[in-house]
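Okay, so here's just one chain, in structure tokens, the form predicted on its own.
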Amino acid sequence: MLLVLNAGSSSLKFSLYDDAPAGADPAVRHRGQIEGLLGQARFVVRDGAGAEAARRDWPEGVALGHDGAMAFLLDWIRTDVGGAGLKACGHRVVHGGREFTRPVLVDEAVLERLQALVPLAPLHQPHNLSPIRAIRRALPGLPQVACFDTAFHRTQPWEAETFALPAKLTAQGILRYGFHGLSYEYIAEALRGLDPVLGRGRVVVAHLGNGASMCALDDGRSVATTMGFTPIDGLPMGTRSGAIDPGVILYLLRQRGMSAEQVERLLMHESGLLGVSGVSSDMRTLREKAASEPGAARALQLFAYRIVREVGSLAAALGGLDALVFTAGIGENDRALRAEVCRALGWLGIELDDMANARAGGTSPPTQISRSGRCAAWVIPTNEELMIVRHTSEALADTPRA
């Protein structure tokens, strides 16, 4: 079995995959999460068919924490699943910096270099590294593979990743790194299988979820993306502001007397769809309340507008556009948003097929939602976990046997 972990600030998502023959993708045995790590934790796991397989709730006020969650999860795998068959663990790690351009087997030296990147992603990286350390303590012989959200974007030309700052700061690592790379890598591979011609063409992928970004692909390689030095940049998101004039931050610090911590909280947790709407960060709630809550309607309008603007920018970086792909939770399920964006991009040659758009989403397979035209539109469900499984299996295969 292979274990896949995706650790956030207050949750630990995991999947267990069965072994598979060489060249085949393994099947999911269990998938679940432990949420509420900072208080009133809950463990829920489902089998490969989606049926609930186990559940546990901790009392209110019990702060399980990442270490406690990992200890519980490993014990559950050992006693309920058969942990003796666990061969390796793959981790989603947000930041690989300039050094890590591909997945890597983790040893103490690698862990130290990843720790040094914490200042570049202080809200994500420590939580990504915590389970790696916990497993190294509990199962020191288990191979662990770090898979990076930034690695896929290291194919970008220098002008796409460089800020107009003094060169010495650029040399110190202040660059546009980009994120959601595991999702974009999966979509690039999936599109090649669905339409090899488009897979080699000029494609913009819109990864739209609570965290949202977009990426320009040329022959399956990242050439530009909306997120930059941090995952705050680019599109407005559930609670993140997206791109903002740096002068606003200076104004808040100097004229409003806000501290760096207060500004960070504002931009990361109080802005985006939540801030604009004053209602919610959830697109489903905003759709429900748009008719009665002006703020909800404004948030929806702004989100669509910014997506359309970014498509134009990314199409310019590509020198044209052959396809637009929607993915992730909002991209896969919000038919109204897809329709609004596609209609606004008619000048690029996208001709929306309303019936196909209505069918796409949920549990549907990849679906083309455009009619024949010079630019196609697709909905393709992403699968970052499967990319981690593939990378982990490849890393194990490349490791010399003792």
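Bear in mind the structure is a predicted one, so any value in this text is a computation, not a measurement. The first residue of the shown sequence is 1; numbering continues from there.
The form predicted together with a small molecule exists for this protein as well; it is not shown, and the discussion that follows is about that form.
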Partner absent here, but in the model of the complex, which of 158-166, 282-290, 124-132, 193-201 has residues with a heavy atom within 4.5 Å of the small molecule? 282-290
Give a yes or no for residue 209: in the model of the complex, does one of its heavy atoms lie within 4.5 Å of a heavy atom belonging to the small molecule? yes
Any of the heavy atoms of residue 329 lying within 4.5 Å of the small molecule in the model of the complex? yes
Touches the small molecule in the model of the complex: residue 368 (any heavy atom, 4.5 Å): no
According to a 4.5 angstroms non-hydrogen atom cut-off, is residue 33 in contact with the small molecule in the model of the complex? no
